[in-house]
Ligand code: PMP
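Let's start with one chain on its own, the form predicted alone, as structure tokens.
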Amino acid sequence: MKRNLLLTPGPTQVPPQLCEVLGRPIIHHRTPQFQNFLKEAFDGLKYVLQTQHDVYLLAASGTGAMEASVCSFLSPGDKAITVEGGKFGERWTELCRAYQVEPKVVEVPWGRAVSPKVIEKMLSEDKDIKAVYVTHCETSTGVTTDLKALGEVVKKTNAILVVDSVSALGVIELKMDDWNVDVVASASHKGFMLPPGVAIVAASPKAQALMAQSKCPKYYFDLRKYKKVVEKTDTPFTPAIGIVIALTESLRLVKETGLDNLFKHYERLAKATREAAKALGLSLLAEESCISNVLTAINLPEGMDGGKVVKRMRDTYGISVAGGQGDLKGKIIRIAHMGCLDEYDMLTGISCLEKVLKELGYKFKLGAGVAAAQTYFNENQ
């Protein structure tokens, strides 16, 4: 049987212990038994988010969390800064326009991070801006945004800082309260190692004050409905019951490991992958100053069809990586480091990449990438 190794930036590998939980018989959600799971999920998410603020769970994907983070805090005619440094930054702009919020778009070259000084200047020149929408890890480029620096800028204004941390939460550090992040949108199918189905939104008191004034049309994504029942450990609509229960087990695993240990683990996988790419004579898309440990975006050899690389790795050898998006389609591959992956998974992926590159005519010393990654792993236990 051909293997199916997911090195994609979502969905990620689901470990056996979580598969077991997902396979249990369903229970009813309006029961004390489910409330216990819900409370554990809320508490565990607050631990990962490093927050004391409200956390809401919706039956949706990460985009549902993002949509709720627009329509539940703003009103038609409001102004918001949207940072576009990749496909998911562009999604903030699209969501704002869908709700007749006026986006003040900051275009950042793909592979770079936004400068906090740019945001500071825009906020100082227009006091009517209500929100700043950014992406924690831009999954299309492998870039991490400096949320701590942005939080220092935005906290001095009336605007809220809203972060898409769909791919980054639980993989790289995010201190919601200490960094003055007002809203975080995330989901179950990335760092939490589960299927898609649970959207996560956390909101600070500053954001909740805007929520109370929001006039955007909404129903299911109206977070005021979730806020009304969160103190009763409940949800306003039917939750993704099985995934919420599995989320509690995932959060137990996270707590047992410890956030700092998790972050170091993913950093180790990322750095070894970057060493492998360099040993193969390949460059990285993201600048060194903002490169992410969530995934690595690798520039492919000139003239090579990246779509063929992704297809052959997946369909012939059972190793799934992601290709490029937008203008980068066919030019890069993206290898993720999140979820229940270890160094042997990364070595398998690198070995497969080498095999496919060789088959497609790229000239290099076979085994160079695997050797570089092995060396890094051995020297950084």
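Not measured: the values here are computed from a predicted model. Sequential numbering from 1, following the sequence displayed.
One more form of this protein should be noted, the form predicted together with this ligand, which is absent from this view; the next part is about it.
- With the partner omitted here, the residue from Ala203, Val162, Val166, Leu74 that has a non-hydrogen atom within 4.5 angstroms of this ligand in the predicted complex is Val166.
- For the candidate set Thr82, Ser250, Thr296, Thr139, a heavy atom within 4.5 Å of this ligand in the predicted complex is found for exactly one residue, namely Thr139.
- Only one segment in the set 87-95, 272-280, 300-308, 229-237 has any non-hydrogen atom within 4.5 angstroms of this ligand in the predicted complex, and it is 87-95.
- Although the partner is absent here, Gln50 lies well away from this ligand in the predicted complex, with no heavy atom inside 4.5 Å.
- Heavy atoms of Lys130 never reach within 4.5 Å of this ligand in the predicted complex, leaving it off the interface.
- Within this chain, Thr348 is remote from the site of this ligand in the predicted complex, having no heavy atom within 4.5 Å.
- Residue contact check for Gly369: none of its heavy atoms lie within 4.5 Å of this ligand in the predicted complex.
- In the predicted complex, Pro9 is the single residue of 5-25 with at least one heavy atom within 4.5 Å of this ligand.
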